[in-house]
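A single chain, nothing else alongside it, follows as structure tokens in the form predicted on its own.
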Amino acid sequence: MQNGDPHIGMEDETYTDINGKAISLECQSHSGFCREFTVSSAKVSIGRVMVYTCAVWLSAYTIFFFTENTAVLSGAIIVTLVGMMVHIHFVKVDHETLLVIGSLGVQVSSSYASGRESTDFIEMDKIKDIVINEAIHMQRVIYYLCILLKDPTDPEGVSSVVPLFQSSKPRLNCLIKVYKSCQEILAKC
């Protein structure tokens, strides 16, 4: 940080997720021991919302046309509204943030389309390593960044794995950039 500007060392690059959709990675270096990575995905598409809403309401109107039951139309409106609220509040993540603070720990945050935020903090003494792992899903190899937690009973063992960027699912080239930067900080601890 020079001149007190927190955005010194900030980079913003465009990458794609595992499905080929554009995502962005913002890297901020707050100090030599503190870096923040934010992966942002596309906002909620009004066009997609309109298509789903029209499909549900058209189906409801078709059923109403044959049954003449107004409860079908009311039900379709309620299902659409509740579905949108659940999707915006629990499913659609706008951005995910990884904050690595050298001697303290790692904070993982998710910000949802509704404004709701979910934050977890993992103390540095519980972290064994940060690695890029791979998984096979539907005949594809998917890479993901994860934190390996130390096993309290076995110092050489791993008790659990905490996957990072679960919603944005960045491709390997993005993960490598975050991984290398995290390893620089872990090496200094």
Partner chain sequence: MGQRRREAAVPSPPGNRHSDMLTVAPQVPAKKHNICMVSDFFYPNMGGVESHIYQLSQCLIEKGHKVVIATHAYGTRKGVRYLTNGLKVYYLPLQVMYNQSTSTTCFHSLPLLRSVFTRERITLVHAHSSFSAMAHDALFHAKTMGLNTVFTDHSLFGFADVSSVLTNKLLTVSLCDTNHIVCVSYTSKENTVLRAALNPEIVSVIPNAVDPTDFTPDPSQRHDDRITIVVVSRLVYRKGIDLLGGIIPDLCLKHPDLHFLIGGEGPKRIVLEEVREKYQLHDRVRLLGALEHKDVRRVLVQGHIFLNTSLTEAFCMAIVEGASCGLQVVSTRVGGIPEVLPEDLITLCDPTVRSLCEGLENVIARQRSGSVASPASIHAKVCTLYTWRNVAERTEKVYDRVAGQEVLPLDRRLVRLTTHCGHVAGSLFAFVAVLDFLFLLFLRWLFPDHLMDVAMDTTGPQGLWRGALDDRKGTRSKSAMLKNEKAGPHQTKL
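Residue numbers count along the first chain shown, from 1. Definition used throughout: the rigid core is the maximal C-alpha set that superposes within 1.5 Å between two forms. Owing to the predicted nature of the structure, the values given are computational and were not obtained by experimental measurement.
Another form exists, predicted together with the partner chain; not displayed. Remarks below refer to it.
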Any chance Cys54 has a heavy atom within 4.5 Å of the partner chain in the predicted bound form?
no
Answer for Asn19 alone: is it within 4.5 Å of the partner chain in the predicted bound form, judged on heavy atom distances?
yes
Is it the case that Lys177, even though its partner is missing from this view, gets within 4.5 Å of the partner chain in the predicted bound form, heavy atoms only?
no
Contact label in the predicted bound form: Glu156 to the partner chain, heavy atom within 4.5 Å:
yes
I need to confirm a contact call. Of Ile122, Ile142, Ile63, Val49, which residue comes within 4.5 Å of the partner chain in the predicted bound form, counting heavy atoms only?
Ile142
Look at the stretches 143-151, 28-36, 41-49, 65-73 and give the one with heavy atoms within 4.5 Å of the partner chain in the predicted bound form.
143-151
Does anything in 111-140 come within 4.5 Å of the partner chain in the predicted bound form by heavy atoms, and if so which residues, in order?
Asp129, Val131, Asn133, Glu134, Ala135, Ile136, His137, Gln139, Arg140
On a core-based superposition, does His137 travel 2 Å or more at its Cα between this form and the one not shown?
yes
